[in-house]
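For reference, the chain that follows is the form predicted alone, supplied as C-alpha cells.
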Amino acid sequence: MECQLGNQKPPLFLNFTEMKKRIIIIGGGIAGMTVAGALPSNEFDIILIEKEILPGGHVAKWDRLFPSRRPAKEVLDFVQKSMAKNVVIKTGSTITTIHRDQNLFTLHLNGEEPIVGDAVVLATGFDLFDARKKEEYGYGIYNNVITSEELEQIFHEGKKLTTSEGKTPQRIGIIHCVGSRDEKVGNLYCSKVCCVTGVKQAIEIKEMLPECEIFSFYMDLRMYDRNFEELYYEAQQKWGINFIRGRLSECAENPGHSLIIKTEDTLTGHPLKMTVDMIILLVGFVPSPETKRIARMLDLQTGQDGFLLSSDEHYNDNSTSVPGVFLTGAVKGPACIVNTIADARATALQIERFLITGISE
C-alpha cells in the first residue's frame, strides 16, 4: 500500500518521470527517511519501501530520547517533514526477490508490480536481542522481568509502572549488556546505547516512583558522547540511583513473585544477593534477519558480528562491493539517532555523486 504523511499526497507510481534516475530505499525508519529527505527530489525519483504499516521504525515506539529526554515524536516528525512531497512511500510491502541486470535493479514485492531502480539503499536497521536466550535472567519465565523496550512502551503509553500483581515496585534492578559483549550468545560487540538508555530510564522511573530504590548492574559504563557523563552524575547525585559493577549470574522467583538476583560486586570482590520487585533488561542491537535476507539477494558481505560490510570502513563507509547498492544506519552496526541521521545524509550525497558521475568511491 502507498502511505502519505500529513496532507502530503505522493504522485502515482506510474506517473514517475522516465528521464529521472530512480532510487529505491528499503527501510522506513529514521535512516531511510533521512536519506529520502536529503536527496534532491527534482533530480531523482525516490521510492521508500517499508514492511510495517507505518514508517518510523524503533523510534516510533520510543517515548523520550537521551541525553536531553526530548520527546521521540519531535525527531520523528522532523524527519518525516523533511521528505519531499513526491517521495512515494510503500508501506506493508515485503521484498520477495531482487535482480540486478547491468546497472538496473528489479525488486519484486508481495502482490505488487515490480519496481526498477538505478540505485538501492539498505536502511533496514536492527532488531533487539531476544532476552529469552538468557534463560538465567528469567525473561519469559517470570512476569516481573521485562525489557528496556517494554519499559519504554509503558512510558510512551503514559501508564504507571507496576508489577504483574498490580503493585507499585519498591525496588528495581536494571541489568546492562543483555545480548551485548557476551561470548556465550556470540555477540562480542558493544551496542553503544544501552548504558545511557539505562541511566535515562532509571531517572524516569524515579520521577514516576520517587520512593523506589533502583540498582543498576553494569560491566563498564560506556558514556561516550556529549552530556552522557553528566546524565550519569545526575542519576547518582540528584536521583540516588545505585550503580554496582557486576553482572547478573542468576535470577529466581520467590513465592510472592518478587525476584532474587545473584551477582558479584566486582569492585569489592564480594558476592551479592538481593531481592527486587522487578528487573529491567537492557537489550542490545542484533542484525536484522530481514537485512541478512536482502543482503543474500544482492550478494553483500557481512562481518563477523553479522552486520553488513561497506566497501571501506574509513573512507567509503556507505558504499558496498556492488555498484549502485548503498548502506546506511544500523545495518552496519549499532548506532545512536544522532549518528544515524548524519550517516544517512552522507549516504544521500554519495548516491547523488554515483548517479551523476558513475563514481561510487
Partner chain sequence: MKNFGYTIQRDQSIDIDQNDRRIVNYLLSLEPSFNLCLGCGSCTGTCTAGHFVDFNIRRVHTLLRRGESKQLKTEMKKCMFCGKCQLVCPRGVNLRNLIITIQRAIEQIG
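Positions refer to the first chain, counted from 1. Predicted, not measured: the structure shown is a model, and the values here were computed from it.
We do not show the form predicted together with its partner chain, though everything after this point is about it.
Exactly one listed residue, out of Ile174, Ala119, Leu248, Val286, brings a non-hydrogen atom to within 4.5 Å of its partner chain in the predicted complex: Leu248. Scanning Glu183, Glu157, Glu211, Asp101 against its partner chain in the predicted complex with a 4.5 Å heavy atom cut-off leaves one residue, Glu183. Proximity to its partner chain in the predicted complex, taken as heavy atoms within 4.5 Å, picks out 175-183 from the listed stretches 278-286, 121-129, 74-82, 175-183. Residue contact check for Glu290: none of its heavy atoms lie within 4.5 Å of its partner chain in the predicted complex. Although the partner is absent from this view, Asn86 stays clear of its partner chain in the predicted complex, with no non-hydrogen atom inside 4.5 angstroms. At a distance threshold of 4.5 angstroms between non-hydrogen atoms, Pro114 is out of contact with its partner chain in the predicted complex. The closest heavy atom approach of Lys167 to its partner chain in the predicted complex falls outside 4.5 Å. Residues from 194-221 that approach its partner chain in the predicted complex with a non-hydrogen atom within 4.5 Å are limited to Met219.
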